[in-house]
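In the form predicted on its own, a lone chain appears below as structure tokens.
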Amino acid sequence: MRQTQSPLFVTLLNHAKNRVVSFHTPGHKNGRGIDPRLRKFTGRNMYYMDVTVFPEVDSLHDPQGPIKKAQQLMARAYGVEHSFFLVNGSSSGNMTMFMSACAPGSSVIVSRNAHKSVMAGIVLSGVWPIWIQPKVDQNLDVLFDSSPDQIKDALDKYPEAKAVFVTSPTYNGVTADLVKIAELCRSRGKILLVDEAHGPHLKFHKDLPVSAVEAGADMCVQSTHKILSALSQGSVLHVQSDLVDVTRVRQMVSLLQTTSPQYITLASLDLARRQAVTQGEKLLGRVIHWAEEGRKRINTLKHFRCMTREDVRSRGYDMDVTKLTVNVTRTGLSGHEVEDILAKEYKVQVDAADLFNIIAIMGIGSDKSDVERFVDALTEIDHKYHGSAQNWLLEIPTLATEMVLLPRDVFLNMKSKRVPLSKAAGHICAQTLTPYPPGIPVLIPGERITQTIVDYLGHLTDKNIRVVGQEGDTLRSIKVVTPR
């Protein structure tokens, strides 16, 4: 097979062209039953490709035909041993990595600023998390993931750890030194797991940071839909390791995925791989060029500042320049306020915002006009809008608290009660609490609650900053484990 081929897409296309009478799911029957308003907007052709499992189109849970071929081509494109298609995003990939690489009771070193699906993976796999405190940069107002030195210190202190879990790139496009981290893990016989959801494109252009597969990660997950051209939820899990049982990986992928996968999404993964291999250098080159042009223009504005690769490299990391992290603090507005102005007045939607920044993610479909519209809108906002200066500070409390119980045990088996926030210190937490910003959990099930964390949460409540996981409009109490 050649990378110019797309076996799964071609199979589905040929099936759609045959106009077969459907006596299988889904119930819309080749689009005939779709609500007319939706069908008028989309047309009908796509619904002929919305099929279920039968021999011609193969089975995601036991691939023997075009899905197997498409996954093999994906593995060759990334230079790995095995690639598995995922139809419910990288979240299922993160869970799979924990559940296939680690046995219950194993410990894993992981930076605290991981995606929420990592917590799900920790609960489902029954592992002990060994948390690394994220680095806070109060000049850039962003968090950095684990450095090689932090991981080395953690491995020295916890040599029993089975694996190391790293998020790279972060939401802001910051990448860790994966080459050094991989070398460190290999020298200690540890499994390196990487959440590379935001980096499926890194391998396909020389001016982007090194990817996890090139650095030597044992397993990594990528959201092909985030930057490349797959449809939403289309992601891939890569495996290249003698330390991981690929049969177990296959079982876990099947365990965590629907038995009714969306075949159009699967076909889009096949085509996204073909496009990245055959045209990626050219298409991504354009995206990089216009991202850098936009960054230069933004950095001429008075009240906005766009993070640069030089900013990040000076701190020992690297950056995917297709991410535009724009600091808004000099406007006197929050990132959320700027996000709302962009969406409502300029019809420009950014991917994320916090108190300090807005994050604009470019993808393989971004072009010059997108960047110009975004920068033109920021230019007008720079002149028109000025908020009252805020004394916001990106900070997190010391998270070196005692892990008393397995998160899985607390989540599934332990009884709990609510205690007032002011009296929570000393108790064992039974819930996850995550303030935004900075977007990392300050408490997870099984941790001892410290007075430092209680004071921090009280400070956030006084500032009316909502904590994800709280019940009610304000954080008045915390759910804790009930003593037996």
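One-based numbering along the sequence shown. Not measured: the values here are computed from a predicted model.
A second form of this protein, the form predicted in complex with a small molecule, is not displayed here; the remarks below concern that form.
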Within 4.5 Å of the small molecule in the predicted complex: all of Lys69, Phe85 and Asp270, by heavy atom? no
Which of these stretches, 288-296, 402-410, 218-226, 341-349, has heavy atoms within 4.5 Å of the small molecule in the predicted complex? 218-226
4.5 Å heavy atom contact, Ala197 to the small molecule in the predicted complex: yes
Applying a 4.5 Å heavy atom distance criterion, does Ser235 contact the small molecule in the predicted complex? yes
I'd like to check something about Ser91: if you look in the predicted complex, is any of its heavy atoms closer than or equal to 4.5 Å to a heavy atom of the small molecule? yes
Indicate whether Phe144 is a 4.5 Å heavy atom neighbour of the small molecule in the predicted complex. no
Which one of Tyr171, Phe304, Trp131, Phe356 is close to the small molecule in the predicted complex, taking close to mean a heavy atom within 4.5 Å? Tyr171
Exactly one of His205, Arg309, Lys162, His115 has a non-hydrogen atom within 4.5 Å of the small molecule in the predicted complex; which residue is it? His115
